[in-house]
Ligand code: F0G
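The chain below stands alone, shown as structure tokens; this is the form predicted on its own.
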Amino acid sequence: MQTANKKCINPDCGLTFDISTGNYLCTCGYLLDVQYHNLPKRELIDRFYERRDHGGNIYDESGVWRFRDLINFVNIDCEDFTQCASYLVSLDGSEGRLSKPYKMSKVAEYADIDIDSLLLQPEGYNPSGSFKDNGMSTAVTHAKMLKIRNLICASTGNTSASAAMYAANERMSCSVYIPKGEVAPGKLGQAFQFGAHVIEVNGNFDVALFTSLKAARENGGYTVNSVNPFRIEGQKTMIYRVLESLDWSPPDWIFYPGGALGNTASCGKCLMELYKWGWIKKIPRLVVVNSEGANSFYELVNGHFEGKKLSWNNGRPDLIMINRYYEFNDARGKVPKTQATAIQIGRPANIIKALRALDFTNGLVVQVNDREMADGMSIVGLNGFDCEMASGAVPAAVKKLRQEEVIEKDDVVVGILTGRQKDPQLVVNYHLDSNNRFANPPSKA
């Protein structure tokens, strides 16, 4: 008997689909959730702790599959290693293994927050160098379950690297659609290195995603972008690790960079489930950070288009207004543009689920500029941690909200640093410019 299905998030529809189908959209056009039938017991927390002493079991070592009881859509005996090995896709237990929250004293000082109150979780410690590996391990598990051997994605770089890496390890093929000239060389190099078929698209990420989804429909490939609900399931484990580090006492705030908004969607779904199950009593406030150069979500949610704030509205958001906003930008030739290419996205595919997450958490959407993100990236580096420019949006936004007195100095704040630096020239250019706040230019001999 199956323990999960897929359910439409549209409250006026609510259709369900068998877990063995490959669709990610309902017939009404809304995205789907993975829905579990059983209520997990909170006593599992002790088992998760015990699995940290993994004894060579890669599924206990994995920061994703250690929590497999909470994402058991394949319906296996989670204590049976043979069943785990038959169904669960893992890169030798490395996904999520090293990513956990760390205190960073210099970032705390920069953001004017108590050292013990600020925790940043570097997802760049994942094997491909970004948070994508969390969700890719679960998405590829579902592809394997369906016996589909060709992965397809669009990417600003990190998704293609992760998809290609897991495809290579599982002896699958992988086709990645990228916006020509808009992907950092370090990320593009990974896709080539892992054997992906790279297709360059004339246009931005939004065009690449449209093209890749069309190719998947026509050629029978398996889409591993975050529109896929099984990607979202793996990304929830980032929050499990955050809560585990805090003895399952939720923080006051959780910050994410905002691109396609898959992380926002996964965080919201995770917190909704944990609250429903009775695992947490307090709901953290979620903050999504846009770049000023790619700020669709910020503008729509905060009423900067037509003077009306876009909201979840009990599952009935104003979809027509979203389309008007996109058409308005198209008409004036506005395209997303930021040095933080990981979040250079104008039409976030998970915008509806993200609205739901904001509604549930009483969340906020803020924006920061490229210079602020570069400073944020650099101050993380001065603590001995590596992150890409998009991740620098997190400390920059924490600083901004502290200055605006939205956040108290002793509020417990957790920020997700979504990836490591794969564009070294960007860092070099920052430090060669002595006008930058944390510049460290070379001296002459």
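The numbering used is simple: start at 1 and walk along the sequence shown. Remember, it's a predicted structure, so these values are computed and weren't measured experimentally.
Below, we turn to the form predicted in complex with the named molecule, even though it does not appear here.
For the options Thr138, Asn263, Asn126, Ser291, the residue carrying a heavy atom within 4.5 angstroms of the named molecule in the model of the complex is Asn263. By the 4.5 Å heavy atom rule, the three marked residues Asn158, Phe205 and Ile343 all count as contacting the named molecule in the model of the complex.
For the named molecule in the model of the complex, the listed stretch (43 to 51, 23 to 31, 416 to 424, 374 to 382) containing residues with heavy atoms inside 4.5 Å is 416 to 424. For the chain shown alone, Ala397 is not a contact residue for the named molecule in the model of the complex, no non-hydrogen atom being within 4.5 angstroms.
At the 4.5 Å threshold, heavy atoms of Pro257 reach the named molecule in the model of the complex. The closest non-hydrogen atom of Phe131 lies within 4.5 Å of the named molecule in the model of the complex. For Val64, no non-hydrogen atom is located within 4.5 Å of the named molecule in the model of the complex, even though that partner is not displayed. Contacts to the named molecule in the model of the complex (heavy atom within 4.5 Å) from stretch 288 to 316: none.
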